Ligand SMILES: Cc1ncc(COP(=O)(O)O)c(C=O)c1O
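Okay, here we've got a single chain as C-alpha cells, the form predicted on its own, with questions on binding and movement later.
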C-alpha cells in the first residue's frame, strides 16, 4: 500500500500484513467448504463479540448504517415516532431514523467531549418521542448512564451509536451497557474494523434480539421441527443483510487483540493531550469515569481550514469529521426547526480538526504530530 502521508489516517494494513497467515487459514475454509460454514463463522463472531462487550446477544450485519436502522426497528420505532439524537454525527445516524419513518430531533452537545448534553434532552421530549440515540463521537462515550435515568422516567428506548467506540468503556463497563441496544461499525477505519464493510448490534433484551434476527433474515419465521427444510413462512418484511462471512473470519482473528489496540489508542490520545497542552488548540475534556478509544484525536482551532491544510501539507492526514452539522445538509432542508439553537454543535463544526490515531503509530510518529501541530498552531495563531 502506498501512501504519500508520513502519518496516514490509519496503518491498519501493517497489522493485516502481520496477521496474514492467520487470515489465510481463517478464509480458506469459507472458499473451499460448503456454504454452511459461513453461517457458523458468523455465529462464532457474534458470540465472541457479545462476550467481549458483556452483552447477551449480538447480530452481525452488512454495515453500521444497517445495524443502526435494524436496532431502531427492533426497538419498535416506526412512522410518526420521534427520536432525539445529535447533529454532529454521520448522516447514517439521522438516515436510520428517517428510514424507519420516524422524525429526528436534535439536542445540543457538550463542549467538553462533543457528546449529547443530558441536561438539554428533557425539553425536547414530546408525546411522540419513543427513543434517544446518543453518539459516542470520535470514541468518546456519551453519558448514557445519565440518559438511562431520563429514558426510564419517560418510557423511552435508548439505541447507542457506538460506531466509533468499540473497546471504549464508561463507568467501568463497555459502551452499550446502559442502552437497550448498541451498534458498532466494523468498517476498515473504525477502531475494530475488517477489510470491508460491516456492523454489529448488541443487546441484553431477548425480544429485541428476536426482532433483530427476524429483520436481518428476510423476516423469515424460525423453522419448526415438523417443517421441511425448504419451508418458507415470512412473518415480517425483513432484509437480507447478514455480515459477509469473509469479514467475520477476519474479525475473529483480530478480536483477541482489541484490548491491546484500545490501550495503544488511549496512550496515543494521552500523549497528544499532554504534548499539545498550552498550545492554542482546545483539546477534549473527558469525564473521569469514561475510558475512550480515540478513533481520532480532535482539536479545536480558530482557523480550521488553514490548519487542516497545513497539517496535510506537513504529511499528517488530518480530516474534518462531521462538519458542518447534519442540520445544515440540503437533504434535510426544513426538517430541523431548532437548527439555529445548537450553539455548541455549530461552533464545533467551524473549529474541529481530527488528528489520526492508529495503534501501529510509533513514539516517533506521535512526537512528529505533536511538534508539527504545535508549530502550525503557532504560525496560524
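Please read these numbers as outputs of a predicted model, since none were measured by experiment. Residue numbers count along the first chain shown, from 1.
Absent from the display: the form predicted together with this ligand. The rest refers to it.
Asker: Let me know the one among 73, 157, 265, 190 whose heavy atoms come within 4.5 Å of this ligand in the predicted bound form, would you?
Answerer: Residue within 4.5 Å of the partner: 190.
Asker: Just give me the single entry in 89, 194, 211, 203 that has a non-hydrogen atom within 4.5 angstroms of this ligand in the predicted bound form.
Answerer: Selected residue: 89.
Asker: Taking this ligand as it sits in the predicted bound form, is residue 49 near enough to touch it, meaning that at least one heavy atom pair lies within 4.5 angstroms?
Answerer: Heavy-atom contact with this ligand at 4.5 Å: absent for residue 49.
Asker: Check residue 327 for me: does it contact this ligand in the predicted bound form (non-hydrogen atoms, 4.5 angstroms)?
Answerer: Residue 327: no, not in contact with this ligand in the predicted bound form.
Asker: Is there a heavy atom of residue 65 no more than 4.5 Å from a heavy atom of this ligand in the predicted bound form?
Answerer: Result yes; residue 65 sits at the interface with this ligand in the predicted bound form.
Asker: Just checking whether residue 135 would be counted as a contact of this ligand in the predicted bound form - the rule being heavy atoms within 4.5 angstroms.
Answerer: Close contact exists here: in the predicted bound form, residue 135 approaches this ligand to within 4.5 Å, heavy atoms only.
Asker: Could you tell me which of 255 to 263, 297 to 305, 276 to 284, 162 to 170 sits within 4.5 Å of this ligand in the predicted bound form, going by non-hydrogen atoms?
Answerer: Heavy-atom contact with the partner occurs in 162 to 170.
Asker: Can you name the residues of 312 to 328 that have a non-hydrogen atom within 4.5 angstroms of this ligand in the predicted bound form?
Answerer: Read in sequence order, the lone residue that approaches this ligand (within 4.5 Å, in the predicted bound form) is 322.
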